[in-house]
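Consider the single chain below, provided in structure tokens and representing the form predicted alone.
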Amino acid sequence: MSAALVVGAGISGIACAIAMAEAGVIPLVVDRGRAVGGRMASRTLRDTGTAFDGRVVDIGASYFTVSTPEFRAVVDDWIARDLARPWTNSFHVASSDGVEAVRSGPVRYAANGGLRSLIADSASKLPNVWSSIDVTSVSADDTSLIVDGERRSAVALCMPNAQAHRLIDTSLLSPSLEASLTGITYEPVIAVTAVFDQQCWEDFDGMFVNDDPVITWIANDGSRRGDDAPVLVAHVNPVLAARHLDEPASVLPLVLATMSRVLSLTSQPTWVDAHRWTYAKPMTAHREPFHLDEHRLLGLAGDAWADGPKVETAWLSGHLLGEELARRLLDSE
């Protein structure tokens, strides 16, 4: 029988695959994207007409936190190799009318090369990670799981549950699996990147914008990356984003006007772009760390598990699923 398969090369998928590999089961990892990372996405600026072409900007997850010893070990290794760094423990809070307060919280971590670089580093430990592979169906016969016509010993679907639901044949949908797949609602987000010629706002790291119909969050990417580049990334309110997913650039006038008002900008950006995330964030999460079908080695992991949604819980979900899949596969030999 062919190797186990992990579908999705975001942080949960790569964590799942590494846990399996460390136990002695080497899976194949596939992802429909052009590069690993999933929603820990970074883009390289091109043709902006500014001095910042070639610079990396985080356009997916904004940061991550650490609370478990298992993830702490991974993060400490990234820090020791200068891949990640503590960013800040204080964010500003604003309303539509401007900044209201600064609030402290847990340390938020960022990546010197963008968050995607952390997933790429982890994926480099695996021998078989394939990009631009669009899985379309997961079914089964009497003996094994079948993914796009190929028999698999085990399958881990590490992606938003709504996407996994579309792949799984109805014959595999047990009541518990159906409930796991359909019990979570996801918020969409449009991430707007704005590149300025120079900083034209008061210093801040990140800013939550409360009760605003246009934006919910602004990250100072120059602070986040540690190079002080005049680059901001704003996240559009999910209600507004849902109305503009077909044409994400159509939100730009509203977003720029709101950013200007909230931050008291003294100039406008030279270059802007909008990127949509249809399944950006689960509104709730299952308390269980993952789902594993009781009859077949078909598992689900991601930030809708392990009492998420956080980058850390997505990692933990994939890690624990990978350990359990490897244990069952080795026990069956």
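Residues carry their position along the shown sequence, with the first being 1. If you're wondering where the values come from, they're calculated on a predicted model, not measured in any experiment.
Below, we turn to the form predicted together with a small molecule, even though it does not appear here.
At the 4.5 Å threshold, heavy atoms of A17 stay clear of the small molecule in the predicted complex, well away from it.
Looking at C158, you'd find a heavy atom of it within 4.5 angstroms of the small molecule in the predicted complex. The small molecule in the predicted complex comes within 4.5 Å of no heavy atom belonging to R55.
In the predicted complex, the small molecule stays beyond 4.5 Å of every heavy atom belonging to L254.
Only one of 27 to 35, 44 to 52, 284 to 292, 266 to 274 lies within 4.5 Å of the small molecule in the predicted complex by heavy atoms, and it is 27 to 35. Taking a 4.5 Å heavy atom cutoff to the small molecule in the predicted complex, the contact residue among V231, I218, V189, L118 is V189.
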